[in-house]
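First, one chain by itself: the form predicted on its own, in structure tokens.
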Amino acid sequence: MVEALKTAIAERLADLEMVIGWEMGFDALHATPLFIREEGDLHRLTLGPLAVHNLATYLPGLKGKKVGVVVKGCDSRSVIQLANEGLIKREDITVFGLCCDGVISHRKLREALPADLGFVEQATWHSDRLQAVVAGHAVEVRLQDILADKCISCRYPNALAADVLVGAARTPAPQPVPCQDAFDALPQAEKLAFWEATMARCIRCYACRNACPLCVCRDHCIATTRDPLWLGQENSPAENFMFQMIHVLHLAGRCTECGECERSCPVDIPLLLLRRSMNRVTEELFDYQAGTTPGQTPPLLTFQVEEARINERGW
């Protein structure tokens, strides 16, 4: 799949300012974004379970430029959603789509290894398993055991609306998200107690905001503005949860569940629990899933006198 992608990029690179993909990072278990500007950069391109970043996050900052982007299925929804909201021009973007087998969770990988990831001496992928030497210990881990939670129940493993699609189509996961179903079934008091305890870990680094492809108002973010003052800088569960709730509401009907918020969190807060809960409400009320239909206006960015699934007159 890598060679097919390299060929496709090489054929179109002359018409683009750059193509954003992935390359190996500081060790054998981390990939990092790669900005391909000439064919000489293509040898650094890599794919696979380590390609965790949603590269669509860069696109709003490149609006007006002709660029290409390599996307997995969940990432492609972000491209569609950005275009639907007018945050990018779809005609300026060349989408190199992948049929994805899933990416790893570095949190799960840390738990599976006998030492910290910083002591990785060697790592080799063999189809569906990882063989590594960590702090002198040889270890083998199945990809299935370290898959990101979002991949276990992914409904869109194949990139949507891609200009170039690489790889054989994968079958969407049939099962729902078990952890989400269990969480949504909890009594409200238990949910609140969970978030009070969880938000005590938050350090308000805003990595979740910065990694989110749809969180585009960073220069005027409500979390840092002082006029008006909506949020203080106190690092408390109440202030932290207030920030997260504002973030979730700003993404209502927009979140594509790419998981970048959760992946980037340095203290492993399960932020997708909040995002998915809001998405389920949006889907129930408006029959809408963000980033699945090109040209579709998000329901909360438009107005109708009466919504088909909201019976206001019956109240």
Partner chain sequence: MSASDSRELRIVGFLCNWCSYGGADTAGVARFAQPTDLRIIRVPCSGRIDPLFIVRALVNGADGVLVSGCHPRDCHYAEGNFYARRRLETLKRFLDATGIDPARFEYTWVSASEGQRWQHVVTEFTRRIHALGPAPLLRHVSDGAWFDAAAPAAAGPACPCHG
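Residue numbers count along the first chain shown, from 1. What you see is a predicted model; the values in this text were computed from it and never measured. Take the two forms, superpose them, and find the largest set of C-alpha atoms that agree within 1.5 Å; that set is the rigid core.
Just so you know, the form predicted in complex with its partner chain exists too; it's not on screen, but the next bit is about it.
- Heavy atoms within 4.5 Å of its partner chain in the predicted complex are found in exactly one of 263-271, 48-56, 23-31, 66-74, that being 263-271.
- Taking the partner from elsewhere, residue 218 is found to have every heavy atom lying beyond 4.5 Å of its partner chain in the predicted complex.
- Mapping the unseen interface onto this chain, residue 188 counts among the residues with a heavy atom inside 4.5 Å of its partner chain in the predicted complex.
- Using a 4.5 angstroms limit between non-hydrogen atoms, residue 192 touches its partner chain in the predicted complex.
- By the criterion of a heavy atom within 4.5 Å, residue 125 is excluded from the residues contacting its partner chain in the predicted complex.
- For the options 87, 238, 138, 205, the residue carrying a heavy atom within 4.5 angstroms of its partner chain in the predicted complex is 238.
- A single residue from the set 163, 196, 121, 145 has any heavy atom within 4.5 angstroms of its partner chain in the predicted complex; that residue is 196.
- Looking at 53-75, no residue comes within 4.5 Å of its partner chain in the predicted complex, counting any heavy atom.
- Relative to the superposed core, residue 296 undergoes a Cα shift smaller than 2 Å between the shown form and the other one.
- In the core-superposed comparison between the shown form and the other one, the C-alpha atom of residue 14 has shifted by less than 2 angstroms.
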